[in-house]
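First, one chain by itself in C-alpha cells, the form predicted on its own.
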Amino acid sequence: MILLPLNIITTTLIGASLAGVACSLIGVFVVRMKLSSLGFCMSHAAFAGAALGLALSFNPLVMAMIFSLTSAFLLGPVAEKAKLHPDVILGVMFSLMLALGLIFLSLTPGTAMSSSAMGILWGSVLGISKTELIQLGGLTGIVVGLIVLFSKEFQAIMFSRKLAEASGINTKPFFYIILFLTGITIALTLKLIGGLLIFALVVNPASTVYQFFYDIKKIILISPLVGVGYCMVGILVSLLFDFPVGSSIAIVSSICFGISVVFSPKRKRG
C-alpha cells in the first residue's frame, strides 16, 4: 500500500470527486441519447491532442481541449449534412483520433513511454495541481448550472428529440451544448483518468443508475454520487495494489455495472 502526504490525498480526493460529478452528469445525456460512442471519440480526440502537445513540447491540456472541442464542433454539422447517424461519424473519428494519438506519441522527444506519456494513457490523479483543481471546480459548476437552468429542455430532448422539436424547442443549441460540455469535461479530466479510459467514467455511472430508475430527475441526482463513489473506490484500489488510477476506476465501475445489470429490476421485468 502506498502512503501519501495528507495534502496530496486531500487534493486527489477533491479532484476525483469533481471529475466524478462532471463526467457522470455528462454521461446521463450520453447514455440516454444513445451516444455512448461519443465518450470513445472525445476521449481519443483529447488523447490525440495531448499526445501532439507532448510531441511539440506544448501544453498537453490546451491541445487536448482544442482537439476535443474541434471534434465536438465537427460532429453535429457533419452528421446532419451527411445525413448519417452521429454514431457513424463517431466511429470514423474514434479510429482516426486513436491512430493520430499513437503516431504523436511515437514522435514525442525521448522515450514514447515517458511518465508524461503514461500519464496521458492511464491517468495520474495523484499529480493534480491546485490550478487544475480550480479548473475542474469551475467546469463542474458550469455543468450543474446549465443542467439546472435548462432542465426542462434537456429532459425533453432526452425523452425524444423529435417530440421536443414538435413542441417548439430548438434542439440544435442544446445538442451542441452537450457535445461541447462532453469535450471540455473529457479534456479537463484527461490527466486524472487517462485518455484510453476516461469514457468509462462518462458511461458507466449513468449506465449503472439507469438499471434501477426510470425518473430522469433521480438519475441526474444519483449518477454523480455513483461516479464519485467509483472514483473513491478506484483510488483506494490503486493505492492498495499500486495499479494505475484510471485503470482501477474503470475496473471498479465496470464490475459494479455488471452487478447492477444482474440485480436490475428492469431486467427482471423484461
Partner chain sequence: MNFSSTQPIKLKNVSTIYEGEKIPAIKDVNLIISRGEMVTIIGPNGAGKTTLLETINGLLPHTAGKVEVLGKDIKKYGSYIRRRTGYVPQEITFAEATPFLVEDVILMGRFGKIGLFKSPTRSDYEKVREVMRLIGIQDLAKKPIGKLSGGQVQKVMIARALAKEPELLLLDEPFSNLDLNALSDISRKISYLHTIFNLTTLMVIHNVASIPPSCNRAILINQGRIVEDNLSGKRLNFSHLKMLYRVNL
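Positions refer to the first chain, counted from 1. These numbers were taken from a predicted model, which means no experiment stands behind them.
The form predicted together with the partner chain exists for this protein as well; it is not shown, and the discussion that follows is about that form.
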Q | Close approach of Ser95 to the partner chain in the predicted complex, 4.5 Å, heavy atom | A | no
(Q) I'd like to know whether Asn170 contacts the partner chain in the predicted complex, with contact meaning heavy atoms within 4.5 angstroms. (A) yes
Q) Phe175: heavy atom within 4.5 Å of the partner chain in the predicted complex? A) no
Q: Flag Lys130 as yes or no: does it have a non-hydrogen atom within 4.5 angstroms of any non-hydrogen atom of the partner chain in the predicted complex?
A: no
Q.
Using a 4.5 Å heavy atom cut-off, which of 97-105, 179-187, 133-141, 147-155 contacts the partner chain in the predicted complex?
A. 147-155
Q: Heavy atom within 4.5 Å of the partner chain in the predicted complex: which of Val30, Ile219, Val228, Leu52 fits that? Just give me the one.
A: Ile219
Q. Even though the chain is shown alone, can you say which residues of 250-266 have a heavy atom within 4.5 Å of the partner chain in the predicted complex?
A. Lys266
